[in-house]
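A single chain comes next, written as structure tokens; it is the form predicted on its own.
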Amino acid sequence: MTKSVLGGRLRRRRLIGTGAALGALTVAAPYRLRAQAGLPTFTLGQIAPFTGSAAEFGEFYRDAVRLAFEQVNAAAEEVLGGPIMDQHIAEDTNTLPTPAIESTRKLVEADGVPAIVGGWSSGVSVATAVSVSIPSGVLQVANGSTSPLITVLPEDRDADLLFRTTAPDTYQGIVLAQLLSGEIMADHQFRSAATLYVNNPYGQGLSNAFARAFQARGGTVQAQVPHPEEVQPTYSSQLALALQEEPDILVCVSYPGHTATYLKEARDVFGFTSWAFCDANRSERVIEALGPDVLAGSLGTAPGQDPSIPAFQNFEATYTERFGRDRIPPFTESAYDAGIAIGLAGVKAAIDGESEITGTVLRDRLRTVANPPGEQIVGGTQEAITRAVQVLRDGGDIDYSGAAGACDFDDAGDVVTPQAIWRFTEDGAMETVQVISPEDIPSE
């Protein structure tokens, strides 16, 4: 066992090998391979929410990146004679910016990583990118950060070091407005709404995107009410503001820890149970807090997962077999895509003759391996990733097609992925009921 200090408290981590993992909780998970002589290698960093309001998701994201790490290295060993990444180190964000900055600084300054996968939350990604990764020349590929702010982040305008493998919330906000205005389901229509959102770039961005699109469809947004990022014991004042004009529905734009707390209060104190959800509260913690019977039938939206595309099906089969998981939370597949894209960029750098793999070296090859033109590589299987390395070795181009959808990075480092409509079920599950392709989402 090793230990690291995060936010002034000791947190446990465990060493991860190619076989079974030991220990109760992974906060930092070094996964090391021996580098082969003559092939440059690098350490892949990751920041994920192992604790805090989104703690239930962290290990899923860690394992998705570990799968990418294993597949790219296995392909590099077979085709090039050795692994391209020597370690995968995952650190905890506590789902908050300040601890995340500390973890990112540790990855950059102590571990020397040139690239980081994460974060999940936009508040974390913006804070870590502005404070640590961009000034240090480190590539950062967020797997769950959907704030529109990331697209136009001033600090990244010239650096071009902050990317993401999930779509910005300009898309989810529109689909959520379509859903609540009856455009998608005629029997699911509301004239007025209020939002209760986490006061960070994610919450602000999605609340505003929804409000604009809902009002454009004739709906009334009676209030947009922020709450702190840290989970509070009560949200009575925020709920009173959000519900004072008696909206038809309350749109919850918060993380699981927040949502689980304030929905119980909304039900028990205010007698209000008309709720709409988004990606961040598609959560077992919310179900445990409220009970399946209370939530059954409630709908929400989430970017990314389209179970019908081959890359997601491949990833789902490989991931669940490798790690014994019974579900794949939103942004697990996009964490895998981020790891694969970074790993293949490293392979391309080695083939190009780079002696050292830095953040800018990886950045300059990220679009090369992920975007057209080139042979399409459908992710999720070892065979596909090995084929990608073979094509690169032979001087060809590749176009990686991800488990979360097209992994084509635009000039801002964004991708466009499908949007899903999902619901809570009577038996305590969360199921996707409809997937909307990017081509079918209007501009506003």
Partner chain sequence: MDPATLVKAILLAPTLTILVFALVRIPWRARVPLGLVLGVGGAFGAAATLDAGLLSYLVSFSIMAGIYAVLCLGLNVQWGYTGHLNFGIAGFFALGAFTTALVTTSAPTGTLAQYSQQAFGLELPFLVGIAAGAVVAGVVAFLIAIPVLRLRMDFLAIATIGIAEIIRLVFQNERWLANGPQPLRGVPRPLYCTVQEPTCAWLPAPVAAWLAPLAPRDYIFIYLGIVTLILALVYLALERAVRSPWGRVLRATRDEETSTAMSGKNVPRVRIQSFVLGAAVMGLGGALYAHYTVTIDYSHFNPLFATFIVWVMLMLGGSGNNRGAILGAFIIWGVWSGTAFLTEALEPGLRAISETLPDRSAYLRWLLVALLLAAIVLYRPQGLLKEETIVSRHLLRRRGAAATTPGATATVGGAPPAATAPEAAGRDPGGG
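Between two forms, the rigid core is the largest collection of C-alphas that superpose within 1.5 Å. Positions refer to the first chain, counted from 1. None of the values given here were measured: they were computed from a predicted structure.
Although not depicted, the form predicted in complex with the partner chain is the subject of the following passage.
*Asks:* Give a yes or no on whether each residue among Gly402, Val415 and Glu431 has a heavy atom within 4.5 Å of the partner chain in the predicted complex.
*Replies:* The answer is no: none of the three residues contacts the partner (heavy atom, 4.5 Å cut-off).
*Asks:* So which of Gln313, Ser136, Ser192, Thr273 gets a non-hydrogen atom within 4.5 Å of the partner chain in the predicted complex?
*Replies:* Result of the distance check: Ser136.
*Asks:* Heavy atom within 4.5 Å of the partner chain in the predicted complex: which of Ser283, Ser181, Asn73, Gln204 fits that? Just give me the one.
*Replies:* Comparing distances to the partner chain in the predicted complex, the residue within 4.5 Å is Gln204.
*Asks:* Taking the partner chain as it sits in the predicted complex, is Ser298 near enough to touch it, meaning that at least one heavy atom pair lies within 4.5 angstroms?
*Replies:* Looking in the predicted complex, residue contacts with the partner chain do not include Ser298, since no heavy atom lies within 4.5 Å.
*Asks:* Under a 4.5 Å heavy atom criterion, is Pro330 part of the interface with the partner chain in the predicted complex?
*Replies:* Output for Pro330 is no: heavy atoms all beyond 4.5 Å of the partner chain.
*Asks:* Is Lys106 close enough to the partner chain in the predicted complex to count, meaning some heavy atom within 4.5 Å?
*Replies:* Lys106: contacts the partner chain in the predicted complex.
*Asks:* Using heavy atoms and a 4.5 Å limit, would one call Ala223 a contact residue for the partner chain in the predicted complex?
*Replies:* No - in the predicted complex, heavy atoms of Ala223 and the partner chain never come within 4.5 Å of each other.
*Asks:* Quick check for you: of 389-397, 43-51, 373-381, 404-412, which stretch puts a non-hydrogen atom within 4.5 Å of the partner chain in the predicted complex?
*Replies:* Contact-bearing stretch, as computed: 43-51.
*Asks:* Can you list, in sequence order, the residues from 90-113 that come within 4.5 Å of the partner chain in the predicted complex, counting heavy atoms only?
*Replies:* Heavy-atom contacts to the partner chain in the predicted complex: Glu91, Asp92, Asn94, Leu96, Pro97, Thr98, Pro99, Ile101, Glu102, Arg105, Lys106, Val108, Glu109, Ala110, Asp111.
*Asks:* Taking 2 Å as the cut-off, check whether the CA of Tyr197 shifts that much or more between the shown form and the other one after a rigid core fit.
*Replies:* It does shift by 2 Å or more.
*Asks:* Answer yes if the CA of Ala370 moves 2 Å or more between the shown form and the other one after aligning the rigid core, and no otherwise.
*Replies:* Where the cores coincide, Ala370 shows only a C-alpha shift between the shown form and the other one that is less than 2 Å.
*Asks:* Tell me, please, whether between the shown form and the other one the C-alpha of His88 is shifted by 2 Å or more, with the rigid core used for superposition.
*Replies:* His88: C-alpha displaced by less than 2 Å between the shown form and the other one.
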